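The chain below stands alone, shown as structure tokens; this is the form predicted alone.
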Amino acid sequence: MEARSPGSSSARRSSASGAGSRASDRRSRRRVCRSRPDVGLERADVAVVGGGPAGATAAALLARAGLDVVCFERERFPRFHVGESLLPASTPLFDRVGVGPRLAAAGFLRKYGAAFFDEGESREVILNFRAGPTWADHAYNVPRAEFDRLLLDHAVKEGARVLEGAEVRDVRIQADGVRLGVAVDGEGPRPVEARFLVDASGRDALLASRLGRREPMPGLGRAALFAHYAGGHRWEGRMEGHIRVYLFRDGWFWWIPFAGDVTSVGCVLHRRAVRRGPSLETLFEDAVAACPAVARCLAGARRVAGVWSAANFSYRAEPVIADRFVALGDAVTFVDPIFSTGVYVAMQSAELAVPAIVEGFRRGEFRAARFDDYRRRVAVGTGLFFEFIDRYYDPAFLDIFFAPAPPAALKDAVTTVFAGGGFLERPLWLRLRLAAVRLGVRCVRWRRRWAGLPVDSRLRW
């Protein structure tokens, strides 16, 4: 299906007739998706690779725009995934995508802020979110198996065809279209043709692994160990959902409480420690023992599943765009998990890409230049996250961040960045506060050098 220009004879039909036809098409596609999602897979307007937050969001919005969309997800949902704490900037995004009411009714624990603890220096800071122009005063902590299922179901509701257990094994992007080889449940690859490809394959980075490269960020070569516990220590009231971050000698821990009694606990270390260490369980238990605050919070708790690991944090992948394709979310870049940016970047990149894709169908033209504004906005938005993550491992920044009475400009700027508020736009007041933070860090770094104190991050390996 090709979107038609306003001057076409089809477009001159009454808006009521057009709306009814589109609604009928979506209902028909939903019936096919739910009963036989593999029907008619040979051709589509858009093929989306990956059914996580980026792919599900793109599939839903593109189908809503009237395009014929097929989404291939290698795994079968529900499935476990890390990245369980969301950003306040995601909350209005959920409404724009159309899942806000379902998410609010799902019973996920609301997150109203974040708490940071420095074990080595015995200092702490608690940040509480305030609503801003593009973000809410809260987010959610979500078991990803439930959250991702909700998003993928919404894509089906909007009319996208979703096929789980479908692995894309071959990709050819040609002048006249995209050709894929898709293996369903381990069977031989089946040919699929589409006019456009969306790579939402996550950290596998389907297109970058075949056509480009994935470049690790210097100094951010880390790995994570994580597990779920029942019976861990809980804060009360509005602070129950605060994500907690504990810095200790060898890295840092996250503490993400869910609704009910389960908490996600993870430790970020240098990936070399994971390679050379003993079993994952032993390595994780040793890390807990090395961080007394986390050990106290887990006293009496029990692990409800195994210990998982993930590596290759913090990278950028290329290409992000080309003729007839765009990449989204983790297929573009992954930012260190300390600020919980993954789901937001995934969904926001999808929302930014969709208008350019729809316009490409309207004009029948899919050159890479059409998507350059999308690439630039994602690079600028994630660049701010990368900057603050780098600063978080900087002793000079930590001296300001953990100060008993930090400057108001710093606290406002940091809280805004942590909320995701600087991704889409940077108003003057935010730019000025960010400039004040950068100046303050330079001054404190100079003072530390003068006093003979370390200026290199103790967590930079």
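Everything numeric here is computed off the predicted structure, so don't read it as measured data. Start at 1 with the first residue shown and count on from there.
From this point on, the text means the form predicted in complex with a small molecule, which you will not see here.
- Between the options 167, 137, 390, 285, the residue in contact with the small molecule in the model of the complex by a heavy atom within 4.5 angstroms is 167.
- Checked against the small molecule in the model of the complex, the residues 146, 75, 193, 119 give one hit for a heavy atom within 4.5 Å, which is 75.
- The partner is not drawn, yet in the model of the complex one stretch among 322-330, 228-236, 185-193, 96-104 has residues with heavy atoms inside 4.5 Å of the small molecule: 322-330.
- With a 4.5 Å cutoff on heavy atoms, residue 124 does not count as touching the small molecule in the model of the complex; it lies far away.
- Put simply, residue 130 is far from the small molecule in the model of the complex: not one heavy atom of it is within 4.5 Å.
- Interface residue remark: residue 154 is not counted as part of the site for the small molecule in the model of the complex, having no heavy atom within 4.5 Å.
- The closest non-hydrogen atom of residue 254 lies within 4.5 Å of the small molecule in the model of the complex.
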